[in-house]
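Before any questions on how it binds or moves, here is one chain, the form predicted alone, in structure tokens.
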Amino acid sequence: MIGLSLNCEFVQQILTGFITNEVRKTGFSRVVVGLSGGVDSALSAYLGAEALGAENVLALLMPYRTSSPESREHAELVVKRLRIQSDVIEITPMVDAYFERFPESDQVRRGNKMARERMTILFDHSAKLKALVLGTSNKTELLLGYGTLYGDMASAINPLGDLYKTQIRHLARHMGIPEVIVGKAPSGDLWVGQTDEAELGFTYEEVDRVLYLMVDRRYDIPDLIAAGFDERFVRAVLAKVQASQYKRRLPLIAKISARTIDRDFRYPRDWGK
């Protein structure tokens, strides 16, 4: 496997330490995580429970009326295994009320709305409980821009954002997440029958090999072709990474003053504490 193998025990220690430090140094002790029934959110919940204790993790299940019953079963399985607190908040009334006014909306708009509806609920509960929202986006999704800006890509801290999907599965199996969750086809569960890989047009294993060499090893296109990858596939992946760069940056602020936020006025998250 091209550079994607993990020392799972070591990575697990780094990520649980990351959660503990980043949550507590900003004055919090709890996290809230949106549990979809997929492997990413399951892994975040497992890491959060190990880092902070099960009593300090709240899982929210937020199904839409077309969500798969299997997704909810898998999310409930994680709740049961970890013995964490949970709640179920249906997003159907809020989403459908909005689209009654825009019935022509396509699946992309509807999917984005669902993702953002879920994130507003997570941040509302973070305020209610004085908890941080624990992220669930992995490195593959972030690099491809395969996520909703201010929706599922949002969080207060993200323990998974430097792990490719292939590595997420390795770590999930290492931590004992049920195989029925780890091994199933990834899906945002945004509409009936939707799967990530069918929508993307390639598997995570295929694209992770290219992304790792392109991003982590700084291979250029000739290097990737020489390594045996199809040129059209490589160029398509690069185009997705470049086209989604804006999603990975904070909103750009027009510079007027001597010290512009996030350019000249930059301090750590725990500045002053």
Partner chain sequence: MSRYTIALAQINPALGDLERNLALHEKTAEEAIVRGASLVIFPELSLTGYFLKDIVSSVAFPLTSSILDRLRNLSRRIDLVIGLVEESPEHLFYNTALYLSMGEIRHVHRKVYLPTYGIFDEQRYLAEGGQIRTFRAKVGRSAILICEDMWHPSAVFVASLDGMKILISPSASPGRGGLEEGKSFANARAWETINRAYAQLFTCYVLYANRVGYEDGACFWGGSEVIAPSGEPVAKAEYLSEQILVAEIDPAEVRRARMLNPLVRDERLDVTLRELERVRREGAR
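A quick note: this is a predicted structure, and the numbers were derived from the prediction, not measured. Numbering follows the first chain given and starts at 1.
Just so it is clear, the following notes concern the form predicted in complex with the partner chain, a form of the same protein that is not shown.
Comparing 31 to 39, 236 to 244, 211 to 219, 54 to 62 against the partner chain in the model of the complex, the single stretch with non-hydrogen atoms within 4.5 angstroms of it is 211 to 219. Proximity of Ile14 to the partner chain in the model of the complex: non-hydrogen atoms within 4.5 Å are present. Remark: Arg259 counts among the residues lining the partner chain in the model of the complex, judged by a heavy atom distance of 4.5 Å or less. In the model of the complex, Gln167 approaches the partner chain with a heavy atom inside 4.5 Å. Proximity of Lys25 to the partner chain in the model of the complex: non-hydrogen atoms within 4.5 Å are present. Contacts to the partner chain in the model of the complex (heavy atom within 4.5 Å) from stretch 241 to 271: Arg259, Arg263, Asp264, Phe265, Arg266, Tyr267, Pro268, Arg269, Asp270, Trp271.
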